[in-house]
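The form predicted on its own is given below as one chain in structure tokens.
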């Protein structure tokens, strides 16, 4: 098969890495890709939100399977665009249609969906700027900490968790007045769920589903989960507190009702669903849906999948996933992300990365890199994820941290306590 992946991060590199292991893969293209994906396939410098440009490349390269990595093209309707074109509708696509993508694209939409299908989540209300007084009043009814969420996509930065009520009122007004642009023209205020988070992923063809390895990521920049939220500083899989009892509750109370809701709403959903969950005293609650794989969780989930990913994706897109089996390896996986100094605030790009040739016992997934001639340079806040595999979490983490010691670039930063709470 000729396959194309849209995206440029660690998630897309991990997907590309897994896809190249399949005998079904003939040619692989990554658009736009990064400094690491170029070693697995051909990078294509196109705008992934320009659907005409993506479509033209798919026709030119006779693409059979298109995998959409990030959320923005899905929310903007890339699947609908391909489905409405006679020249493109034969291409198999991994990703939902625009209506289903609202499960991630709109916090308010997803909350209403969960309420309709009795899926456990935090109590909430949503408000626009015209409802500012009511929003302030609702905020006063809650106990700290206070959770404010921009309704739309805000590049992972649209969620604030605040301990001080005065600050919460202040930030609420800033959000509704455009702090996150169009994303916060509506704000969801919800109760804080005091639990420990974990990530569950499924592949679904809209009827059936397969559960992928469970993971836990670490979003805060600082040790001990302190400081600002990032796109993710590391992840581990499996997760020690996610036992069979908890997973049975997840499946019965969350996964199955979600799939039933997708069918009942007439959504065309063939792809990944990422359930951001929290474990509150043994009971699972949904924090959020994502309509694609997570990052950096993909960097620990993909290495733990023993099945042929291309076969699974092909069956998903064709609607016969029930005919496939998915098995996961018993190995532990841990990934640690190295980032640019200053991230998630302002940071510089273009720092030369050296020493990658010395990494031996970890898999290297590029997140924000680019190649200029013979040089590999930083090109983002999150730069590279190092994934170790082992018989225990500790063994896997030891390999990840050992790999980091082999590389160097100016301003390299990383958390030294990934997996500390498991």
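Owing to the predicted nature of the structure, the values given are computational and were not obtained by experimental measurement. Residue numbers count along the first chain shown, from 1.
Beyond what is shown, the protein has a form predicted in complex with a small molecule; the following relates to that form.
- 219 is the sole member of 185, 351, 76, 219 with a non-hydrogen atom lying within 4.5 angstroms of the small molecule in the model of the complex.
- Among 91, 287, 247, 162, the residue placing a heavy atom within 4.5 Å of the small molecule in the model of the complex is 287.
- Shown alone here, residue 191 lies within 4.5 Å of the small molecule in the model of the complex, counting heavy atoms only.
- Not displayed here, the small molecule is kept clear of residue 331 by more than 4.5 Å at the level of heavy atoms in the model of the complex.
- Shown alone here, residue 202 lies farther than 4.5 Å from the small molecule in the model of the complex, counting heavy atoms only.
- The closest non-hydrogen atom of residue 304 lies beyond 4.5 Å of the small molecule in the model of the complex.
- Contact annotation: the small molecule lies within 4.5 Å of heavy atoms from the stretch 141-149 in the model of the complex, the single such stretch among 141-149, 253-261, 322-330, 177-185.
- Although the small molecule is omitted here, in the model of the complex none of 239, 394 and 415 has a heavy atom within 4.5 Å of it.
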